[in-house]
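The same protein chain appears twice below, in two forms, each given on its own as structure tokens and labelled structure 1 and structure 2.
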Structure 1
Amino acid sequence: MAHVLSQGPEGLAGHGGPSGAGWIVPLDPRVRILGACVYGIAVAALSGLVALSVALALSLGLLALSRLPLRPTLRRMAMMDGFIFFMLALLPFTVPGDPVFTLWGFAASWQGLGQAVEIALTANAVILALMVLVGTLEPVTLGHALYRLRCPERLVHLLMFTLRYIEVLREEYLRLRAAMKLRGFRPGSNWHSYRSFGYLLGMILVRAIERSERILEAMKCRGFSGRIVLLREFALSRRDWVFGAALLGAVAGLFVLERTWP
């Protein structure tokens, strides 16, 4: 179930679920989620370049200990929206300070450069830890763990249904695209292409609605009362406590570094 998120041909995650995650697998999913959140918030609060470099090194260490494939994961980590990239590239020129060099009459400042590096380090360290700790969970387990962490039941239900149908709908999308291709559709920047894409989206929408009606009827036939009982229980083991303590220790260490080299 929900293997789009882990093995789709478009490389949606590139790893085969929990089997690829090494020592992280036996950890309690709740500990992994909470750990990623604590670590993420702590790293986002840091601003010293030394502490942030150590944080990125820690995240890379987590990646090395897990058995995620290095290259695709790192590529995914480094990938960011074009506009963020622009923003980082502009920062040295927009933050006033001591000039490093000038480009077409605009002076780049050390301060701005520092700020851009700081954002890049933070963003990569946090997202990498999140992908290693939480992204290696079986998607359905993520739903169960969030439920046990007292997320609202309806939100968890919504998440589970979304996870369940992403793969189904993606196959439908690929079927429609294949049908378009067989009829000689080649995407380009023209009115015809945009109209075809619009119709494609409309068709996906119509089929999704019709599918959801069938799903609800089928579930009602089986006694669906509006609630799916989530039975999975999790238990903390010694390993979880050790991991939690190590993570908190690492966070404390990062703050000490931040104080020493601000």
Structure 2
Amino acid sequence: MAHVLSQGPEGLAGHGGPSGAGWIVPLDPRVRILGACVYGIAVAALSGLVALSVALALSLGLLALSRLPLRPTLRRMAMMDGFIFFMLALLPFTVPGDPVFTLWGFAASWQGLGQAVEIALTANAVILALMVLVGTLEPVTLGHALYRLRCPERLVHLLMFTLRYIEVLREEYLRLRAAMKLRGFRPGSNWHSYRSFGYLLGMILVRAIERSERILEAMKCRGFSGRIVLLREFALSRRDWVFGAALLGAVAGLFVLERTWP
């Protein structure tokens, strides 16, 4: 999930950059973050299948406005669905209620099936909106926008450093695994393999600490004082106000639909 949301425009829209992300990219990053939070909370509060279906349609509408490539985006959605598939498949058999069918002696209920569909609609609507509104933000822009939204500065620093160096740690892990293979290591269910993986984890932590110390010294040499230096100022435009009003109207419409079509 974190990997999906950390992808910038080039990660979700190929190498098209901002021009490939349509109507969403010019919006103020703060509006996009706040809009994603409000929309996600509102959709999570819904329980009616009609309202949730409309919410998913709205998320698909945001995807169309963003002009992101459909197939790669839906493929990432399928990755998320893979995590909750087994839970959704078991819900009809674990929630008591009116039976629908019986499989190997276990009865599936209408109530459990309804809950599974509700969770699937909620998860897909929220994650798709997050991918479109927040997932297309560059990591640095995301950090600066969170700082402007008065998020704790240390948490913003932690987020930006994590997004920047998680791939570096992955490359370090791959180098260590390659070195283990060259020395004839073959994993198995034995104590030697368990100890080797423990040593691998320990070496990654040690090298991460050493690298962090070198990075901190390099940053201090360049005048880093522990404060975030903004590269640009954010300013709300007419487009931002229109988008915010439209999103709030859509959220209000979802709650009205929830009360009208439970």
Partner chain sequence: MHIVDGALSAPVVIGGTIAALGGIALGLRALPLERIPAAGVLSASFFVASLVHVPVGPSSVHLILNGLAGLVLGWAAFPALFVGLLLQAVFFGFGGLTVLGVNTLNIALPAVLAGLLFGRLAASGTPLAGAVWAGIGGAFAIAATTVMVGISLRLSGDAFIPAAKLVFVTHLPVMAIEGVLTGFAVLLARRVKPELFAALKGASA
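Throughout, rigid core stands for the largest set of C-alpha atoms superposing within 1.5 Å between the two forms. Just so you know, these numbers come straight off a predicted model, no measurement behind them. Residue 1 is the first residue of structure 1, and the numbers go on in sequence order from there.
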(message) Can you tell which of the two structures I gave is the form predicted on its own?
(response) 2
(message) With both forms fitted on the core, check whether the Cα of residue 53 differs by 2 Å or more between structure 1 and structure 2.
(response) no
(message) My question is whether residue 207 is one of the residues whose C-alpha shifts by 2 Å or more between structure 1 and structure 2, given a fit on the rigid core.
(response) yes
(message) Superposing on the rigid core, is the Cα displacement of residue 89 between structure 1 and structure 2 2 Å or more?
(response) no
(request) Quote the shift of the Cα of residue 197 between structure 1 and structure 2 to one decimal place in Å, the two forms being superposed on the rigid core. (result) 5.6
